[in-house]
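Below sits a lone chain in structure tokens, taken as the form predicted on its own.
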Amino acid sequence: MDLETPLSSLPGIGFFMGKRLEKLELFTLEDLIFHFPFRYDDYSVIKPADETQIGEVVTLQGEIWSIKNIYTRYGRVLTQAIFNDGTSPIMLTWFNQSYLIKSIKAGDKLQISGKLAKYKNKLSIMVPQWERVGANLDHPEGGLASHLHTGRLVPVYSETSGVASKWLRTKIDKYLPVILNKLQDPLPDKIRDNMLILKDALAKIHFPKDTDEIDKARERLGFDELFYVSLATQKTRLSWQEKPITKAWKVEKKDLDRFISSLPFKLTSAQIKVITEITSDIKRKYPMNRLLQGEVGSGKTVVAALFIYLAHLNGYSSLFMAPTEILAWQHFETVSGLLEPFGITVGIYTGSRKFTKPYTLNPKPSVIIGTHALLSDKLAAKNVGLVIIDEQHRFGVAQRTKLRQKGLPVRQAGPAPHFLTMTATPIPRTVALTVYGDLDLSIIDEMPKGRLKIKTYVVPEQKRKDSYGFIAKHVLTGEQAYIITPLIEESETLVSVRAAKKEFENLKKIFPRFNLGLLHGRMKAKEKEQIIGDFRSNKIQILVSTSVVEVGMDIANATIMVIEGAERYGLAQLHQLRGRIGRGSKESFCLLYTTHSSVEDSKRLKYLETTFDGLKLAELDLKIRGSGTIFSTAQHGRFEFKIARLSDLPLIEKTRQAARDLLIDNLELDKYPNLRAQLQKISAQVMPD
């Protein structure tokens, strides 16, 4: 038995329960051992009932006097038992657990935990945790604890149908000691410092004696998660920097000035700052690997166009990949307008269009802009010196790597291209440090002058009808509106959540005087093009859509953004959607509708009314909602943190520095075979192929 042992082959689990555990993403013994509690119920207070206050959570020891099932007229089953701890009889009640009368008999000595209440002048505990007094009878061979479910800080796990926390505690208690006896700690002593060794951290995270043990276990296990991500990303970065380029690019001030002076607007100081950072990169003799972050409309595309221009002057072509055809065409139009005055040909290559066929026309395009189609083997890109990816988190690592390698000669002996990725998704510094350890970070944190702030309001349900009148009033003046829904079609489980198709039909009745359009991700490319074209030309006044409009839509006449079910989105994504309006000179409005009036949701959404900095909103999301949503948005498909907190900047800095020091000393980790083996084991998750 080892960490790779399938759960379905273990005694007490088997095939049937193994299939249930797969719903929790638990396949091997390692998965089970690293399935950490998300909270602990405190049943550590053990005292007699006559010393316990009503409403207090307590653990009692005593005897079952009687137990029976009661069937109600509504088909429910109540299992009720009389329990006595020697000071007072107590009524115990369980719901729909009729099987308990086979497990618990009159005369059994039990330890029970729960909240003491009073019902009809009698003491009672509803749905108590229970186990037998004395040895852990579930495991005669013994586990880590004689009491698992009562009388302690009791771990509570994520569950699924047929798999309860009590069952999980039992199995973890049985198999954890077996694994701990074989487990070697891969962290070198100098890195582990004063933290717990791995086996102690695992034992204490599952079965702690007190909160101090939980904190120490979390610190060690959180360090491990952050450390391996940092180790993998920085190892990739250092390896990438070792690849040669034939020569550093020449960047003449007169060339920069020529491009900048051709622009019909003045660059912001933030744009100039990132241009300086990127220019410094391309003058070096190893490939750039940089992430450019900036709000929608902050001017990232102009920066990208400048470096396509410099690539052309240095004799290189460029590839520019966008996640959607909408965004690819928008970039094509923008970049063409900026570069064609310099005689630079721009091509486009998407799934449905091959406009300016690459490398068959004269002159050859200096840059090809496209979607995933750029990865096609049919596209024979040559002499690529710059690769740009927009909204890069929407592409897998394998896709990014393939595009990067398109510029390399067959034998990989020539120069590697510079690599610039861009994102409008605001990423907190802590997330960027961890997830993007292989990238340098540049931020455009300033919007062009004259950009109006978008007035944002959380609209309660009782104000919905009035808000429809507000929308109609503005559309009558020639303006346009987006109405965003979370779903395409109605859901049986999310009955209160509005869906695009149904809402489209409803809104045609509410706004009969206007032309409405419907847009969603399942539509064919030509259908999308038609709808977007009609919206751009104002043939459609109100566009009902899913969040597919989050990137690539740039309609200056659109002044209203309505977001249904706003509580279902993170603040950063709401800010992204809001960024689709306010593109022109007219005042714009964002209306946030909610499907319920949760105090927490309302408070969170209110931040959007006063905060217009995407990075601040993303950081608020990190504090309020945790790292899950931001991390999945930023890095879908990568390593999933189970216990580390991306808001813990000191720990992130610590792991980042530890990883860097280790790699500078020994890049291949030859001195640390256990650590190298562990990194190889999880590298498919941390940096997937």
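A residue's number is simply how far along the shown sequence it sits, counting from 1. Since the model is a prediction, treat every value here as computed from it, not as a measurement.
What comes next is about the form predicted together with a small molecule, which does not appear here.
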query: 4.5 Å heavy atom contact, E479 to the small molecule in the model of the complex; finding: no
query: The small molecule contact at E295 in the model of the complex, heavy atom, 4.5 Å; finding: yes
query: Touches the small molecule in the model of the complex: I125 (any heavy atom, 4.5 Å); finding: no
query: L375, heavy atom within 4.5 angstroms of the small molecule in the model of the complex; finding: no
query: All of G299, V302 and R583 within 4.5 Å of the small molecule in the model of the complex, heavy atom check; finding: yes
query: Among the candidates T170, N557, T268, T279, the residue which, in the model of the complex, approaches the small molecule to within 4.5 Å (heavy atoms); finding: T268
query: Answer option from K526, R451, K182, K285, heavy atom within 4.5 Å of the small molecule in the model of the complex; finding: R451
query: Segment that reaches the small molecule in the model of the complex - one of 258 to 266, 224 to 232, 109 to 117, 530 to 538, heavy atoms within 4.5 Å; finding: 258 to 266
